[in-house]
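Only one chain is given next, in structure tokens, and it is the form predicted on its own.
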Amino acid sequence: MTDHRNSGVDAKEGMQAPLVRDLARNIDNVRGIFNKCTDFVLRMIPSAGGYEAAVVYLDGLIKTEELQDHTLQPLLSRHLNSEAELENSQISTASTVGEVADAVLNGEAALLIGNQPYAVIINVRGGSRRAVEEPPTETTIRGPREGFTENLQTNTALIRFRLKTTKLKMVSFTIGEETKTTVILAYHDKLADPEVIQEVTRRLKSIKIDGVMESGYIEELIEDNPYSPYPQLHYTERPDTAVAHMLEGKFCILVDNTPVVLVGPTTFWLLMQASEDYYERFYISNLLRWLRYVFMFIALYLPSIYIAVLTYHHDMLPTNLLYSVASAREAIPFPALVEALIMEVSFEALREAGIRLPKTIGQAVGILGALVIGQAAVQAGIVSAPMVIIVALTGIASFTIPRFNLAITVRMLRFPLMIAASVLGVFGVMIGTYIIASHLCQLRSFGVPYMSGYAPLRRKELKDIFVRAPWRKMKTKPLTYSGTAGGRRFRRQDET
């Protein structure tokens, strides 16, 4: 047995060249495809009394022990008649050089057999991958500790462990001209809306892109309104959350090499819910859910209302409070808007710096930076102490939003509302609110209204929007995502 790495000549035929009954020619063609690839491995296998063979693979992408024990050893010990003699049951055949190359790039091994016009593809995918562990972005006090990984096969297995039914369907797509990333559409065949599944299948098939590095690529390419600041697809790293959504009639999109799974269709209310809402008793869940809604409004409106009151509506404050705020701002040289922008931009920069720094020092830098800069700014007379309190409370409130994609949307919309408040006061805040509400009512996610459950109103679904009813009361599936909800409108803004 010999081992050759990149010792072949360039292939004379392209990817579409068929395999022939000449082992040397097949080896030259495959070796030419992987020219200048130092991780390409070609191993010649002599077979006593039979045909000579060769196995090709990429180093680091396969389980070498499994390849040795279940493929190479049987070949060395007996005559090879066909692929039926291999002990590895996960095998298929390839008839062209391109099919062999795709299989090798996908982490499989290809067995080229002398005097045979085909290659045997052996599924021995492996390599060094991250183990299953608790997702750091969705930690819970009570609930499963397993999270998705970058291995697509592991992720599909984690879903199968929880949803043991033949009605769970998983449809595979290959997206990316260069990366050839495997994307799986998973859904419950009896609960999902067939029109929605047909539409998401069409959108996935229509994607034309060189590479897919993460599920965020897919999200932006298939959402209804790509110019909306609001997320139209939910994402999760928890298998229990993904399965719970599929049991409500939603679909999941799993992308190879990322632990983030997309869930759709989504609504605004879904983004305000946490997985732990369904594991704790409903009294606790409702208290936490109301707290999130209150602090979401604080995160969105508090700075703009403060600016509007200080600029135009002084009579809205009690006299003692007005005197206290006025004395604190007496030496401040900037108007309320500029003061708020200085603090808000500084706080956002500190938050971003804390995320990018190593975990051991990131949080400390964020906290100490905010304290030091806030105290120094107040002592220097650049900002007032009440503004520091407003910005700090706003930042804390934004952390209570359970989904990062909705939280960052609230953070972005805070700035135009602040500008509107500085120009028109409370009326500007009301106009901004009207624009946001109108946009939310027009927004759709795969034909599902974004505010569905409340607008349009479905009384039976109110039991899991503002409150979470006891499980004994939640006996029916939500009609919003099922095929019984009526006709869908699948008009995407970028296609009109």
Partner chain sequence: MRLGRGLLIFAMLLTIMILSGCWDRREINDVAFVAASAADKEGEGYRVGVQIPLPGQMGGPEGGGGGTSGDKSWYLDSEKDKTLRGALEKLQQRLSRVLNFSHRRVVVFGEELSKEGLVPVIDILIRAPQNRLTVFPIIAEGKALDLLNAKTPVEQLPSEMIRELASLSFSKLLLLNVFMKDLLKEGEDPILPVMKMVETKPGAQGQKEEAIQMAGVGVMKRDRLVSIFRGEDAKNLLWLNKMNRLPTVTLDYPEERGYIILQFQQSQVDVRPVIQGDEVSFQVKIKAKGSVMEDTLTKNIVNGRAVRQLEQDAEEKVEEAMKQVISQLKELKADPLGFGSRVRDQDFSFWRKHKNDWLDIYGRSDVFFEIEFNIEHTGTVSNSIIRKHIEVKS
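Residue numbers count along the first chain shown, from 1. These numbers come from a predicted model, not from an experiment.
The discussion below concerns the form predicted in complex with its partner chain, not included here.
- When its partner chain is considered in the predicted complex, I435 lines it closely, a heavy atom lying within 4.5 Å.
- Although the partner is absent here, L72 is not a contact residue: none of its heavy atoms lies within 4.5 angstroms of its partner chain in the predicted complex.
- Shown alone here, P335 lies within 4.5 Å of its partner chain in the predicted complex, counting heavy atoms only.
- Among residues of the shown chain, Y283 is not one whose heavy atoms approach its partner chain to within 4.5 Å in the predicted complex.
- Out of the listed residues E220, E214, E330, E177, E330 is the one that sits within 4.5 Å of its partner chain in the predicted complex by at least one heavy atom.
- Proximity to its partner chain in the predicted complex, taken as a non-hydrogen atom within 4.5 angstroms, holds for one residue of I408, A392, L191, V378, which is V378.
- With the partner omitted here, the stretch from 308-316, 256-264, 395-403, 232-240 that lies within 4.5 Å of its partner chain by heavy atoms in the predicted complex is 308-316.
- Here the marked residues N225, A326 and A420 all reach its partner chain in the predicted complex, each with a heavy atom within 4.5 angstroms.
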